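For reference, the chain that follows is the form predicted on its own, supplied as structure tokens.
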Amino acid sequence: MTTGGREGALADVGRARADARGRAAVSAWMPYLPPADTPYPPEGIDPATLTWAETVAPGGYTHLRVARGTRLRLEDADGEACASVLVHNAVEPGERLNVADTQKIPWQAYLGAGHPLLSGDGRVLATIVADTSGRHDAFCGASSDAWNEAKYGDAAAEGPSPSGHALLRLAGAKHGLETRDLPPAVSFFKGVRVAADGTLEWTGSAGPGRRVDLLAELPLIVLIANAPHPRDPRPDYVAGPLRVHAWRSRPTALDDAVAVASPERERAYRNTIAYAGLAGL
């Protein structure tokens, strides 16, 4: 029974506070603060050097601004994560991932190690520097509200089956980005290939423990949604935990092999390095 008056009100507040703190303490889906406290430190990396550590819930999202030269690792813990990723230039957010150029400039439609993620301004926003999965997609984008409503009956970010785009909208709003600022995303850990007749073939997951490392070539706003891929044939809403860790490294230099792999790539990296120099980044 609640006690009346001021003392009763204070007691109620105390119980509510204790309950809230107790719930927060056991949540597995939150950033680890400080990042060095992560229970899953990347192998060979001093935890004290981490700048971001988090486990993203199935059907959840995350976001952060990272400095140029940050190395970002995404890990599919149980083989069921699907990380739909958008990156924006944190200095000028109007510059953002352009999937068409990301496929066109490297003359390669399939994402993998050494693949640059380009903006529409001909600059490299990030580079895939390591990949143990090989199951990714740059064709379909994140799942839409309409798709999830038709398949699962709901797409709301707060509901039981949030769409990838609904989650990216929430993540983007934290940085002043609106729906019009969110282009098609690339997705990691769930693969799609194009068959000889032009149809899309689902290749799914490569299994648990696979990871992808991205290197920020400019200061970035990183938006990540962890929701089922729109081509996933399973009728149920299936997603798994996504681990995210980041630490300081160095951006790609013009004498790195990835930057001179082709004339088109070299031009994109030159554009990036020149822009970073002029902006004092």
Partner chain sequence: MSLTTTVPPRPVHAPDSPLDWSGPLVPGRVVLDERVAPRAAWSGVVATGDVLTIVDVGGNQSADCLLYAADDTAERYSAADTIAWQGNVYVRTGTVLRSNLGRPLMTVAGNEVDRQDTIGGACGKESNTLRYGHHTAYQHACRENFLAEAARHGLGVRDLVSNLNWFMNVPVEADGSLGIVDGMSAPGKRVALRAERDVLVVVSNCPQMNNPCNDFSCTPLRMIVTSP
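Residue numbers count along the first chain shown, from 1. Only a predicted model underlies this, so the values are computations on that prediction, with no experimental measurement involved.
The form predicted together with its partner chain is left out here; the points below concern that form.
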As a check of understanding, the residue in Gly159, Gly204, Pro184, Gly209 with any heavy atom within 4.5 Å of its partner chain in the model of the complex should be identified as Pro184
Looking at Val91, Ala77, Leu170, Ala109 here, can you tell me which has any non-hydrogen atom within 4.5 angstroms of its partner chain in the model of the complex? Ala109
Taking 4.5 angstroms as the cut-off for heavy atoms, does Pro230 touch its partner chain in the model of the complex? yes
Proximity of Asp154 to its partner chain in the model of the complex, heavy atoms at 4.5 Å: no
Taking the shortest heavy atom distance, is Arg135 within 4.5 Å of its partner chain in the model of the complex? no
With the cut-off set at 4.5 Å between non-hydrogen atoms, does Ala126 touch its partner chain in the model of the complex? no
Those residues of 198-212 which, in the model of the complex, come within 4.5 Å of its partner chain by heavy atom: Gly198, Thr199, Leu200
